[in-house]
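First, one chain by itself: the form predicted alone, in C-alpha cells.
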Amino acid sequence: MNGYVELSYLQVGLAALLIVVNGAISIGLRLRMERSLFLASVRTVVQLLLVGLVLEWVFRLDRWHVVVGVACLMTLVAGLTAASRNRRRYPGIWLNTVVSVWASAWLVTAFALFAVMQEIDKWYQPQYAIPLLGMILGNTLNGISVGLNTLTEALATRREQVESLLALGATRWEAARGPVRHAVRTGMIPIINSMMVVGIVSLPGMMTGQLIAGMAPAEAVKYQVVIMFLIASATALGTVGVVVLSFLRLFNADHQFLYAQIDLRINE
C-alpha cells in the first residue's frame, strides 16, 4: 500500500460541482445565500491554489527565515480573524487576540518540534513545521473567538449584576469570575467534543490524508493522537489568555467595570 491517487483538475472540478447542491437549497428555501456561496467557492479555490504555490516554493527553498516569515503571517491573520468574528469590540481587542494566538500556538508547536518529534532533521523543516502550526492555529482561533465572544456578551448581559457586586465591595475578579469561567468553558467545548468522538464518528483530516497517502493505519493514529493533544493544549492556553487579557482591559486596578468601552464598539 504505497503512494496515492493523483487527482486531475477534471476530477477536482467534478467534486466542485457539488456546491450546486448548496445553491439549490438556498434557492429553494429563498435563503439568498447564492452570492455568498459563489464567493466562498471562488475564494476557496484561489486561496488554496496560492497556498499550494507558496508552499512548493517554501519546501524547495528550505530556509529557517522563510519558514518563520510564513509562520508569522499565518499567526497574524489568525489573530486578526479571531477579533473580527467578535460582535462586541473594545480598545485593544486586536492586540489581545494576536498575542493570545501567537503565544499559545507557537509555544505548543515548539514543544511538538523540539520535544515530541525529535527525529526530524531540522526544527524548521517545512514539511512538519508549517502543517503543524496551521492545524494548531485553526483550532486555537476558533477557541479564542468563541471564548472572547462569550465573555463580552456575558459581561454586557450581566452588567447590572457585575456592577452591583462591585458596589457592594467585591473585587474585580470576584465580580467577573462567573463570566470569565463561563467564557473559558465555552471556548474549550468544541475541542472537547471533537476529542470525544474522534475515530468513532469522524476521521480527522490529517489522519485521512496519511491513510490516502499509504501510511500504515497504526502510524497515522499515532500522529493524530499527538495532533489532538497539541490542539487541545493550544486551545486551552489561547482561550484562557484572551479571556484574562480582556478581563484586564475591561476592569481597571480600581475595580471598576469599564462597560462603556464595550457598549460603544458593538460591531453591528
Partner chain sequence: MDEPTDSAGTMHLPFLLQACGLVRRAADRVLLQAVSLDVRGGDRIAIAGPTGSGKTLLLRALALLDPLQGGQVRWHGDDVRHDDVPKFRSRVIYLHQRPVLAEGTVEENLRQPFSFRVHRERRFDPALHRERLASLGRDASFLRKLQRDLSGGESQIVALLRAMQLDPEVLLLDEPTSALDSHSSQAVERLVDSWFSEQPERLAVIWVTHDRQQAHRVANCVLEMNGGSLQSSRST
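Values in this document were obtained by computation on a predicted structure and should not be read as measured data. Numbering follows the first chain given and starts at 1.
Just so it is clear, the following notes concern the form predicted together with the partner chain, a form of the same protein that is not shown.
Asks: Go through 80-88, 104-112, 127-135, 164-172 and give me the stretch that gets within 4.5 Å of the partner chain in the predicted complex, heavy atoms only.
Replies: Single hit among the candidates: 164-172.
Asks: Please run the contact check for V244 against the partner chain in the predicted complex: heavy atoms, 4.5 angstroms, yes or no?
Replies: V244 lies outside the contact set for the partner chain.
Asks: Can any non-hydrogen atom of R249 be found within 4.5 angstroms of the partner chain in the predicted complex?
Replies: So R249 does not count as contacting the partner chain.
Asks: Determine whether any heavy atom of V21 comes within 4.5 Å of a heavy atom of the partner chain in the predicted complex, and answer yes or no.
Replies: Contact check for V21: no, nothing within 4.5 Å of the partner chain in the predicted complex.
Asks: Does L258 reach the partner chain in the predicted complex if we count a contact as any heavy atom within 4.5 Å?
Replies: Yes, L258 is a contact residue.
Asks: Just one of L17, I25, L10, A253 has a heavy atom within 4.5 Å of the partner chain in the predicted complex. Which one?
Replies: Contact check passes for A253.
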